[in-house]
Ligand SMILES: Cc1cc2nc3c(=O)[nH]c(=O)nc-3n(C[C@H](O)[C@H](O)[C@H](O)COP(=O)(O)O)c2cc1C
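In structure tokens, the next block holds one chain alone, the form predicted on its own.
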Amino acid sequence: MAVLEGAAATFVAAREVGMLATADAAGAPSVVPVCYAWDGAELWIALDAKPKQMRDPLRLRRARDIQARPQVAFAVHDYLAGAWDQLAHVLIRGEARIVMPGETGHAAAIDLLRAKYAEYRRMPIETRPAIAIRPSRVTAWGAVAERAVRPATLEATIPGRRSVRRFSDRPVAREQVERVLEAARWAPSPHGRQPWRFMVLTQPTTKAHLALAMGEEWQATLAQDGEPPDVVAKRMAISRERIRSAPVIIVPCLYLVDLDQYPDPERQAAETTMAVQSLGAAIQNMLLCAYQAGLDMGWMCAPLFCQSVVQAALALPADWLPQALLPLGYAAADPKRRPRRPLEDLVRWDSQT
């Protein structure tokens, strides 16, 4: 790869921190983590106001090294704990230069850096020099293409997550499923009791059996609601296909056995509500973890309407109360995104200031 382009460029642009390697005139190396922005031609690094005791930014080691020896290396990587298959790394070699305020490219670079990092909007970096690196050689390896399309930060992951209903037949490794389940384990819960359990379906026969059992129950419900037979048949076919075609189905269940017991029904109901809330938090952890890892999930609440049917179909213990189906896999196509209400429609403050 001669220049930074394609998936490697997308990957680098989306990351938050890179490692800048420089060397002084004698060849002594130095490596420092930096924030940066990519403008399509050069990487830009602000010489910001840290450390405070150094008034002249050109006295920083990285600036002195670049003035003495402009050849630098810049590395960006992404690694999910325990996920070797998701390691992605881009190494950039190039020539760096110091760009002073007022020189070509400086103002546009400051705008890019401030758009990417909120902290820079509060710093007077427009009055300070910046480093520009023009890549001459780029090496990328690992899951760069896969990680390029997924954000690296939580702030970007949350709005990026989507609910997927159609999945490709690409298999999902057990290790990937376990990473998603591990995320659920860290959700907050009442008294730390973790009042949830998870049934994982990977076998086609199990998924088909569940789809058939739930389908019979749902068919009766739709008929009771007065739906025309052709509409019932179409909705049934779509629902069954969603369950059967997903590589993995996770069935989150409430488990109330370990919760505190109260003599009055009001407090006991509140205890159950806390468990339901914590299960929602566990599911959200899984949704975000899956998306950040390059997978997709859906959230089907049908088991709420036929808990006993799901329990029987999956031979679940009586105290495992099915709440949802979470299909997990790789999206067959990008789903349509539903618009979100603006924040001002959802929030009330106790003060107008």
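The first residue of the sequence shown is number 1, and the count goes up from there. Predicted model only: the values in this text are computed from it and were never measured.
Another form, the form predicted in complex with the named molecule, is not on view; read the next lines as being about it.
Here is the short version: of Arg162, Arg97, Arg244, Arg197, the single residue with a heavy atom within 4.5 Å of the named molecule in the predicted bound form is Arg162. Put simply, of Ala313, Cys289, Met300, Cys306 only one has a heavy atom within 4.5 Å of the named molecule in the predicted bound form, and it is Met300. Listed stretches are 252 to 260, 162 to 170, 116 to 124, 210 to 218; the contact stretch with the named molecule in the predicted bound form is 162 to 170, by a heavy atom cutoff of 4.5 Å.
Not displayed here, the named molecule is approached by Arg340 to within 4.5 Å at the level of heavy atoms in the predicted bound form.
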